[in-house]
Each structure stands twice: as C-alpha cells, then as structure tokens.
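Take a look at this single chain in structure tokens; it is the form predicted on its own.
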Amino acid sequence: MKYEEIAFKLGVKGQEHLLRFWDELGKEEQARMIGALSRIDWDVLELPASHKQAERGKIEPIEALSREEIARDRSLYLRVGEEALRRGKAVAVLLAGGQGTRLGTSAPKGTFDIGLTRPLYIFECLIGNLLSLKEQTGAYVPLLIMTSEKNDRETRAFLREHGYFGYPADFIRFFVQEMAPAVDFSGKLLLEEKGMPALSPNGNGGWYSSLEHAGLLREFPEAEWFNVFSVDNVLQKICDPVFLGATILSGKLCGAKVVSKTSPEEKVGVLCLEDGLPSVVEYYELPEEMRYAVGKDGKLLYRHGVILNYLFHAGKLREIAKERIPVHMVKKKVPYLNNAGELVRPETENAYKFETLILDMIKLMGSCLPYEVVREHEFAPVKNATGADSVESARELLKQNGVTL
C-alpha cells in the first residue's frame, strides 16, 4: 500500500491519529509502518462497541477413547496411521511463537536449555520425537513452525546453527503468526513507537489463517490432516500414527489427546460436549458442582484435560476458515505513546487485545475423538521455572522416560 491509501483507510476507520508522527520518521521507518498497518485486521475494531461475554451452552460429559480401548485395537490403528504418514497425508504444525519470559529469558521458548549434564533444548526434544517417527515409518513428516514477529529471526538462526537437530531442512518450513492491534477502551489503536502500532500475536487460533497467508497450504496439497501441537510440552508425540489411525477410523473430523485430570482443581481445559458438540471448557468456567461431579465408577465426569495436541481434517478446516473464528477481547496493560511522543507504562489495564483460540476450532469442526494418553509418557509442560508444570517437573518426567539430561 502507498501512504495515500493507508491515510484514506485510517480516516475512514477514525484512526488517523496513528500518523501524527509520520513526518518524524525515516524512509525505512515509514515503509515498516505502512507494512504493519496494511496487515491489520480492521474488522476486529468493531468488537469493543458490541462486546458481550458469550454465554456457554449446555455442558455435558463426553466419552473418550480410553487407554484400554486404544491398547486393544492398537495394531489396527497403527497400521492405518503409518500408511497415511507414508502417503504424505499428515503434516506437523509446531506453535512456537512464544518467548521464555516465565523461565527467565527473552529468547524463544524452544531455545531454552533444560539439560543438566549436557545441553538439551526444548526444540531438540520435540524434533527428536519427530525423528523417531522417521525410524518407525520410513517417512519424514513436514514440520511447519509458527513463529512470531518478535522471535522469528532468532528461532530460524538457532535451528540453522544447530543443524535442525538432524531433521532435513527440506522438510521444515517457517511462517510468522499474524498480529492483531491493541486499542484503548474507546476503540482507538495505540502506538508503541512513533512508527509502529501496538500489535500482539492474534492467539493460537490464528495458526491456520497465518499458514494460509504464508502460502504454505499450496505446498502440501496431499495433506489431509494437520497435527497441531505446542512448544511447551517436551514429551509431545508428534503425528503419532496410533492417534492418527484411531481418528481416521472414527470418522471424526478432529482428534484431541487428553489426560485424566489429577484432581478437580487441576488448571487444564476440559473436553466435553456443549449443546451436543465437542468443546473445550476452561477450568475456571466449570461450575463447582461440575468440577467435582463423579460417575458411578467414581471417576470425575469432567476429567478429560486437553494437552494441546490436536488433529484437524484439512477439508473441514477450509470450510470453517471461510467463517470468522470467534475473536476474544482481553483487557491488558499495554505500553503506549502519548500525544507528546512519550512512552507511558500504565499501572492498570488500559487496552483491549484481540485473540483467537484453538479451543474454539474444536467446536467448529463439529466432531472430535477424545483420545486418552498416559500422562507420564506424553505430558510434560514447561510453563514455569519451578513448581507445577515447570522445568523441574519436566526434567523428572524426561528422566522417567529414559532421556539423559
């Protein structure tokens, strides 16, 4: 876009204040500013005026494919899944746009070293898990890594420097997560610099649109399944052929790996039914009577905690991508420039950020296979430096699974 086009659009949207420092910018800064403004999803700016907290529908328990059932039919699921992988029917999508702030570093979270006697990086753990799949099936699965504008360059450089930890570069692609604007409570976009609007990643539900806009969907026309997973979990089984085979044979358009909650208070989203459709309810959304409810077998009725490892059918994804995935507004403290060009760091919430959530995609898919896995073998999230879901707890689980630290 040219300056005149951007200026006109900003005028129409009532956001012309974003250009108040334009004449103070150099040519490179101006080009960067136009690029950032041209990538904004302007439709979200209509949300503050009409924002209303969506009410949940009727919540009911959902039945999962149990560990016992999986073990009984494992050979069948394995055969179907391995064949699909050999035929290039699945790709892996790694959500790696975050930084390790809570781990005490500003570097990409995947570059964090969790080793004790040797370097062992989070990326290394995940790619090692994927390499084991090559040994099993004889096929390399394409690995699509979603970064953010803040960590893209560093992520690429890190993986290149480490030789992609043995994974062929020809099977790795990077794409940058799209950004969403931050607006004050009157709907005006904020500036974080004189030549840059305040932007933040548009939530993990933006992975598909970001992949599409990067042009990567055209590279894998044979892919029927996208296995989406988070960088947080060092025990992730990626493109697990048993999981893939079970989902294919179920006839469902989505699969979700789940673990049984350790207690009613565990802070994980729960897979359940909402108005008859598969849906994820966050732990804080479950009323107390549901949180503690048990069935005749004494097990929690709402116990299937999601671990952010999903299979999505490509055909249904194309269909739901034509509609808008729900956009959530979150109040945040967002630093901004005032009219004098001074940076203000607010002490209280001053703005809305907009994000889409992968959890919402589960319901939009219309059907989902909850697939129960062994927590100790597949769920070691690295979210905190110490305590629960931490570097410490992940190290212990890696040791239990035979990994030398």
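All residue numbers are counted from 1 along the displayed sequence. All figures in this text were calculated on a predicted structure; none of them were measured in a lab. Take the two forms, superpose them, and find the largest set of C-alpha atoms that agree within 1.5 Å; that set is the rigid core.
If you look for the form predicted together with a small molecule, you will not find it shown, but the lines that follow are about it.
Against the small molecule in the predicted bound form, the set H213, N227 and N309 makes no contact: no member has a heavy atom within 4.5 Å. This chain appears without its partner; in the predicted bound form, the one residue of G269, P278, G245, G98 with a heavy atom within 4.5 Å of the small molecule is G98. Checking L159, V231, L85, A256 for any heavy atom within 4.5 Å of the small molecule in the predicted bound form turns up a single hit: V231. Note on the interface: of 98-106, 68-76, 136-144, 247-255, the segment with non-hydrogen atoms within 4.5 angstroms of the small molecule in the predicted bound form is 98-106. With a 4.5 Å cutoff on heavy atoms, T111 does not count as touching the small molecule in the predicted bound form; it lies far away. K316 falls outside the set of residues with a heavy atom inside 4.5 Å of the small molecule in the predicted bound form.
The small molecule is not shown here, but in the predicted bound form it comes within 4.5 Å of a heavy atom of P201. By the criterion of a heavy atom within 4.5 Å, K194 is excluded from the residues contacting the small molecule in the predicted bound form.
Once you line up the core between the shown form and the other one, the Cα of K353 ends up 2 Å or more from where it was.
In the core-superposed comparison between the shown form and the other one, H162 has its Cα shifted by less than 2 Å. In a rigid-core overlay of the protein, K332 has its C-alpha displaced by at least 2 Å between the shown form and the other one.
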